[in-house]
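Here you get one chain, nothing else, as structure tokens; it is the form predicted on its own.
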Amino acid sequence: MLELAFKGGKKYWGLIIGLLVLMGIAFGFWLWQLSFGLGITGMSRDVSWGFYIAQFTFLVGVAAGGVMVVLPYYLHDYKAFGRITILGEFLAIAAVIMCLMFIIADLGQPMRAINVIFYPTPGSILFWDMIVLNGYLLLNIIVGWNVLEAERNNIKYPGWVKALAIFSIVWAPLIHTVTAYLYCGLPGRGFWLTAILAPRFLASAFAAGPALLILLSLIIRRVTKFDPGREQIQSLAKIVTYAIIINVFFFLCEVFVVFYSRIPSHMDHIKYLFVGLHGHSALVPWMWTSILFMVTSIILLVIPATRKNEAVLAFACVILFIGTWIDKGMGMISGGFVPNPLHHVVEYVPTIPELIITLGIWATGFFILTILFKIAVTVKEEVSGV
């Protein structure tokens, strides 16, 4: 089926070339980082995880969010999702690959990643994070490709494929739970030292992932002959609605516990993010924008009339995606490091090279996603005879 990726119109090839250009520019900056070191980034002794890990954290959620399509289809036999399940699985593949690329970028030297394999340390959460991420990637590749190939040949996919699909449903929450454990297992970081961090991560994942899938489905409907289906999009919208409400509720629970307990080391992190601390307030406008976007999206999604209007739904999904990206990306990482355990404020701001490398990795992810979606949509069009 790979040959289908080489068939497309001017817009398709224009997008491919544009993404390749961005990837090439970013690769040049990454080579600079490779030779100079992480000194070209905004990270420091006090903030040792920055924009790269922020993207990694967010994209793990996008990947895990794909299970909200796979679960109803394979486990509850919700036939309607059969039209878009492959899209969710392919989105997960692209998201996990971007996650791995951001880890490589953050390590500085790519060869350091091999140490996790050559010198395994089961007592380290990083070791298990490597296993769950690569395992989830492999599961989605095998299941997605075999299901799509069976559909193209007009045959039923093998039973073992369904077994792997159900196994991936169990595996999906693990990738974000283990990622959360990377942070909440650090006793010196009050902002992350909370048992509700993993549930918060999962709630935001089940909101942001399906929200992006809705946007991609609407784009596919507009630029191709394949229609993912109105019922499918509306079902996803309801999932997104419940998930974002739970995500905001979990955050408010955290705010209550932090300020009711009056523990200064815990309060300072949230103070820094939302009102500033010791004259430092770089993230304050970003965090209030995040809250505004998430609350606005909740209002638009809860009201049936606005949720069923696909133009409004698309807007709600865009601001929800941006809001959760700010909250779980920029806010979650910087908020955990600022202030440091000595209560000193050392702010972090990503540098231009850091931003360009990040843009290049996102472009790589969308390059992979474009090719996978092109194959999937072409097969769908062939099968339906449009």
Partner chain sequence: MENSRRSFLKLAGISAIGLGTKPVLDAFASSEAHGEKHGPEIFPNQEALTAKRWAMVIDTRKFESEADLDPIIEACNKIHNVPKFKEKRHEIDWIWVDEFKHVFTDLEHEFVDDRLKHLPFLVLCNHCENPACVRACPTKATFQREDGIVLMDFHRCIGCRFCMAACPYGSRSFNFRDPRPFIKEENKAFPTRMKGVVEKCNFCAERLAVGKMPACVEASNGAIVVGDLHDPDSEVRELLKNNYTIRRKTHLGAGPAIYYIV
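Residue numbers count along the first chain shown, from 1. Everything quoted here is computed from the prediction, not taken from an experiment.
Not on display, but discussed next: the form predicted together with the partner chain.
In the model of the complex, no heavy atom of Pro304 sits within 4.5 Å of the partner chain. Taking non-hydrogen atoms only, Thr41 approaches the partner chain to within 4.5 angstroms in the model of the complex. Taking non-hydrogen atoms only, Pro341 approaches the partner chain to within 4.5 angstroms in the model of the complex. The partner chain in the model of the complex is not approached by Pro158, whose heavy atoms all lie more than 4.5 angstroms from it. No residue in the set Asn134, Leu138 and Lys162 has a non-hydrogen atom no more than 4.5 Å from the partner chain in the model of the complex. This chain is drawn without the partner chain; in the model of the complex, the residue among Pro199, Gly229, Gly108, Pro173 with a heavy atom within 4.5 Å of it is Gly108.
Of the candidate stretches 146-154, 110-118, 91-99, 216-224, only 110-118 has residues whose heavy atoms lie within 4.5 Å of the partner chain in the model of the complex.
Taking the partner chain as it sits in the model of the complex, the stretch 2-36 comes within 4.5 angstroms of it through a non-hydrogen atom at Leu34, Ser35, Phe36.
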